[in-house]
Each structure stands twice: as C-alpha cells, then as structure tokens.
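Below, in structure tokens: the form predicted on its own, a single chain.
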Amino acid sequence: MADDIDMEKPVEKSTVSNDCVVKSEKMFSLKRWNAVAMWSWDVECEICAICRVQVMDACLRCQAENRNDKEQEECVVIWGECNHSFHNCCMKLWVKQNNRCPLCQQEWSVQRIGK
C-alpha cells in the first residue's frame, strides 16, 4: 500500500555569502512520493533450526509434499517459553521424540502460535 504525496513547494538552491542568504534557481521539485514498507515475523532468529528454512516460508516437509496454499497456511510459526521460534509442523514432529527446545534444551512449552 503506497501513499502518494504531492509536494507543492519546490526545493530551492541557496548560497551563503558574507552572512547573506541568496536564493537562486530551483535544483529540483518533488512531484510524487511512493512509500515502501517491509515486514517480517517478530522472531529473534528468522531460520527454523529444525528444517533450516526461513520461518516466513513453508517448512521443507510442506514444500516437498506440494501442499496447496491453504494447507501451507497451517505451517505457521510457534514460539516457546524460551522465545525460540520454529515451524509448527517441524516442532510437532520434534516434540514426539524429545520434549525439549532444539536450541537451548529447556523443557518445551508453547508461548504462542502465530500466523
């Protein structure tokens, strides 16, 4: 979503000589401004330590199974009480074998699950 802002006042070039400001010709005038924004997950590390894929993308298992977009939406980020984040799909499999965080080895308990 870009906002267009029209700037009516042109920027003028000024020079200073002997404590006097002299305005001269216009250097440029701003006709249009397009704002650009970036976003990312609120995570400390953007890589899932289990599958080594960015948490913003679907995990390797979901990508390999060629799941459609709706099914890949279920591949969300999960945060533990230790503030480490992983793909929910990856962590479900991990917890079946070991109920500890793969990074810090604390007992795993879910802090939140996000989209």
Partner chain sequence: MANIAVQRIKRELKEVLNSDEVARCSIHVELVGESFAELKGEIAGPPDTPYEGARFQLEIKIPETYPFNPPKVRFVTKIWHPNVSSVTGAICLDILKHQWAAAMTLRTVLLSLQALLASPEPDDPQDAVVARQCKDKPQIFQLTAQHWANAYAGGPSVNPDYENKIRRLKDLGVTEMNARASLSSCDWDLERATEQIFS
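Since the structure is predicted, the reported quantities are computational estimates derived from the model, not experimental observations. Numbering follows the first chain given and starts at 1.
Below, we turn to the form predicted in complex with the partner chain, even though it does not appear here.
- Using a 4.5 angstroms limit between non-hydrogen atoms, Q105 touches the partner chain in the predicted bound form.
- At a distance threshold of 4.5 angstroms between non-hydrogen atoms, I78 is out of contact with the partner chain in the predicted bound form.
- The partner chain in the predicted bound form is not approached by N99, whose heavy atoms all lie more than 4.5 angstroms from it.
- Contact between V55 and the partner chain in the predicted bound form is not found at the 4.5 Å heavy atom cutoff.
- Of the residues in 82 to 100, those that come within 4.5 Å of the partner chain in the predicted bound form through at least one heavy atom are, in sequence order, C90, L93, W94, Q97, N98.
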